[in-house]
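Just one chain follows, in the form predicted on its own, and it is written as structure tokens.
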């Protein structure tokens, strides 16, 4: 009886197969380290070539947010002058009106990409922002306002990252015409704009609460349920805390929008070259520019939309809380 013994195969596996041994190629970690080393080497080389010019006293980063008067309009103590903030307000308002009316007149059975994007935004505003916070009647009444606030803030935030010729402090000549330098700015980076929007929301939800319940019952609804047997002094203390929280909304709602947009623009300003100019170190610009690109993508892709969503959502929550049956 003979037995067959299987001989192990000595044939090499194909180069592209999982069994193929790894060649002497660099690992991902090594490639990353080499890339960082080359990147730092370029920055050091630029530093050796251009050196350090010292701190630039002439460059004032805060001037990027300074509102210079373009057309003076003064009615007694009221200043209605036209400046770049007003320009951005008009642009954001115009884009909001144009987008909504343009899409409304061109609705199709088979929507194109633009209509699909607007319908998704519309559905999010109606069913995600307004729907969960307001009852049917309140939603029908306040949906147009909340949707307009959402889209207006979104447009305002987005155009704030588009360079426009608004920097009148520095100009360049084109065929003899002095054109303002290109700069980025957002109306919502000026505290007065978010504060006005907040005041409208704040007054509106109090008015709706009083209309739905009456003044006394509305104020009584500020107290959580289950405090009927509590000491009057303790109830007054809780009521005072609740009243303070309502006034604190004026700060939280406006400053949240203002601070996030302002911080984003400051990061882009400094990382995009402002820090290198301020310190007089040209090589620093090579290090910070990739960060500026990262922050730009983050602001445009997430922060601009997120801040509009948060403001609109809180508006719906405040309106719903003021008119709901319970606290």
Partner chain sequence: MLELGHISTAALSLAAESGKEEGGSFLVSPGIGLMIWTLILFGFTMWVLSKLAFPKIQEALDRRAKTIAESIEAAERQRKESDELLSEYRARLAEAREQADDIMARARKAAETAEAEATVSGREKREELVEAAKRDIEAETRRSLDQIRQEVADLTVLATEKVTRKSLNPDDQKRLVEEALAEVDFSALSGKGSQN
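These numbers come from a predicted model, not from an experiment. Positions refer to the first chain, counted from 1.
Although not depicted, the form predicted in complex with the partner chain is the subject of the following passage.
- Proximity of residue 136 to the partner chain in the predicted complex falls outside the 4.5 Å heavy atom cutoff.
- Within this chain, residue 79 lines the site of the partner chain in the predicted complex, having a heavy atom no more than 4.5 Å away.
- Proximity of residue 101 to the partner chain in the predicted complex: non-hydrogen atoms within 4.5 Å are present.
- Residue 105 belongs to the set of residues with a heavy atom inside 4.5 Å of the partner chain in the predicted complex.
- With respect to the partner chain in the predicted complex, the three residues 159, 210 and 323 uniformly fall beyond 4.5 angstroms at the level of their nearest heavy atom.
- 115 is the sole member of 204, 115, 128, 168 with a non-hydrogen atom lying within 4.5 angstroms of the partner chain in the predicted complex.
- This chain is displayed alone, yet in the predicted complex one of 174, 240, 196, 216 has a heavy atom within 4.5 Å of the partner chain; that residue is 196.
- Note on the interface: of 159 to 167, 217 to 225, 242 to 250, 118 to 126, the segment with non-hydrogen atoms within 4.5 angstroms of the partner chain in the predicted complex is 118 to 126.
- In the predicted complex, 147, 148, 149, 151, 152 are the residues of 147 to 169 with at least one heavy atom within 4.5 Å of the partner chain, listed from first to last.
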